[in-house]
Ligand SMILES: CCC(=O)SCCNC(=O)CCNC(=O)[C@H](O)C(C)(C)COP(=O)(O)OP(=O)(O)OC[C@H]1O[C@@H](n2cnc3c(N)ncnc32)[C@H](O)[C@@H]1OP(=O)(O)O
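What follows is a single chain, given as structure tokens, in the form predicted on its own.
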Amino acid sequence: MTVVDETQGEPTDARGRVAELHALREEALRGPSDRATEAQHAKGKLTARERIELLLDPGSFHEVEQLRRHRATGFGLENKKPYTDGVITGWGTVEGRTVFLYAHDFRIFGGALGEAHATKIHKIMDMAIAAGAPLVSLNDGAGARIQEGVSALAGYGGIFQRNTRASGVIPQISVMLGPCAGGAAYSPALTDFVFMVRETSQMFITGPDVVKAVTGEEISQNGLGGADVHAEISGVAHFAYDDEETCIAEVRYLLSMLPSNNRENPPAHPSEDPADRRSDVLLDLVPADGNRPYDMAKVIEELVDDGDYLEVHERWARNIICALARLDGQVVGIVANQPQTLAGVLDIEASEKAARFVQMCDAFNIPIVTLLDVPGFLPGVDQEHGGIIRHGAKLLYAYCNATVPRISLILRKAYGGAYIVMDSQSIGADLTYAWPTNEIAVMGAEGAANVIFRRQIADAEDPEAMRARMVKEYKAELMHPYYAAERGLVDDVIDPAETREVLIASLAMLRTKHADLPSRKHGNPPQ
């Protein structure tokens, strides 16, 4: 029997207190109202708790500060103090491995961040860093809680500071499931990966109304900062999907490829794909003629376990591919030129994309395999004025700074500075292989012949015949497939069909690699 204080209407024994606790928890779990939940579903969005159920293993979620409420007054806030204060925080498991998370509850204050809300996020971020486990944020918030003024803005500062402290220490994944405006957009930008959902998630610093007031331009929220914009144009989003269920499933897949922290290696999975599997199809897949395009993605599919890989920034800077995959069950990062787009040249966006990916792999102990088929850097006034020098240097810096196992493979063209930048032996690749179709040179034979033999061609009775002869001579002298191998710049020229076996054996040898960088506070990479 529960004893109740008749004057106060409150239980006075333990059973009564426990019953009261369960009632409070039920209230917190239920959320503000059925109407608010229906409104969320009407927008095509799941609730915060539904998203958490999709992300975590069943029954594994442990909530932190479920009964937290704000202490703010004014503007009617003192009369509205819901539990959780609009953000759900805690930890659970993904495929049995601990993951920390916070999820904005748009049903409460539109998911806007106030002082108590921010403090909860700070606490779970500190716990993730201390425990050495990934942090996932499920973002669906309207920015700072205006009624709380500068206290809310200071809360963002604490999040940014922790994002930076956790960078390269634990994986940080931002999942955009609603609007994200103003300073709130900087936290996702500081994390390792950004996921977005088409039509329902947007990111921008200033919204359409402000843009119209300042510039006169009219644009929709999705047109300004929707998933496709950030996945294809700005490069802010690494992944974009049509629905929340697919998006969150892919977050789980990405987590399966990442270590819990920078002191661990990525999880290995037993592979049924034979390590010594020959890939004779590669002999036909990649044309010997360097001017003919092909799909590098198909080369990657042929090399990796079961043809399965996760491409990062798939729709941005398509002239280079960055992907996570497995070779003999071990996670690797793959950087590869894509001859199907812009002939696989390096430009500003490709350099930035690959540089950040290389840095991420190095931070989390993921070996890097680089597949080269690069004719050089993209020429043009826009590229030069846009800073291709400093942007290309970002990729160079990232490779030179990486201490994880690094293997490069030259399939066909590897010309000029782009050859050096794409993890050549001279900047620290542990092993460099080439196919018999490789062409490693300062520039293409035609361009080189025009420079070296300019006078002979000009003075010849038949300049075109002389040019063709000089091109052939240059190729024979300096661009034959074994020129670099003869000089020790390539460790071996291999049969393309044996590439998978060679890569797996090489990575196994390098698994215990240890390399130290000079003692320093940090480097000063090109910006």
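These numbers come from a predicted model, not from an experiment. Each residue number is its position in the shown sequence, starting from 1.
Another form, the form predicted together with this ligand, is not on view; read the next lines as being about it.
Of the heavy atoms in A142, some are within 4.5 Å of this ligand in the predicted complex. Shown alone here, R315 lies farther than 4.5 Å from this ligand in the predicted complex, counting heavy atoms only. Contact annotation for Y156: at least one heavy atom lies within 4.5 Å of this ligand in the predicted complex. Shown alone here, T437 lies farther than 4.5 Å from this ligand in the predicted complex, counting heavy atoms only. Comment: 181 to 189 is the region of 408 to 416, 116 to 124, 181 to 189, 131 to 139 lying near this ligand in the predicted complex, near meaning a non-hydrogen atom within 4.5 Å.
Just one of S151, Q221, S256, N401 comes within 4.5 Å of this ligand in the predicted complex, counting any heavy atom, and that one is Q221.
Residue F109 is the only one of F100, F364, F109, F239 with a heavy atom lying within 4.5 Å of this ligand in the predicted complex. The putative spot formed by R15, Q66 and W91 is not touched by this ligand in the predicted complex; no residue has a non-hydrogen atom within 4.5 angstroms of it.
For the partner-free chain shown, nothing in 322 to 342 comes within 4.5 angstroms of this ligand in the predicted complex, judged by any non-hydrogen atom.
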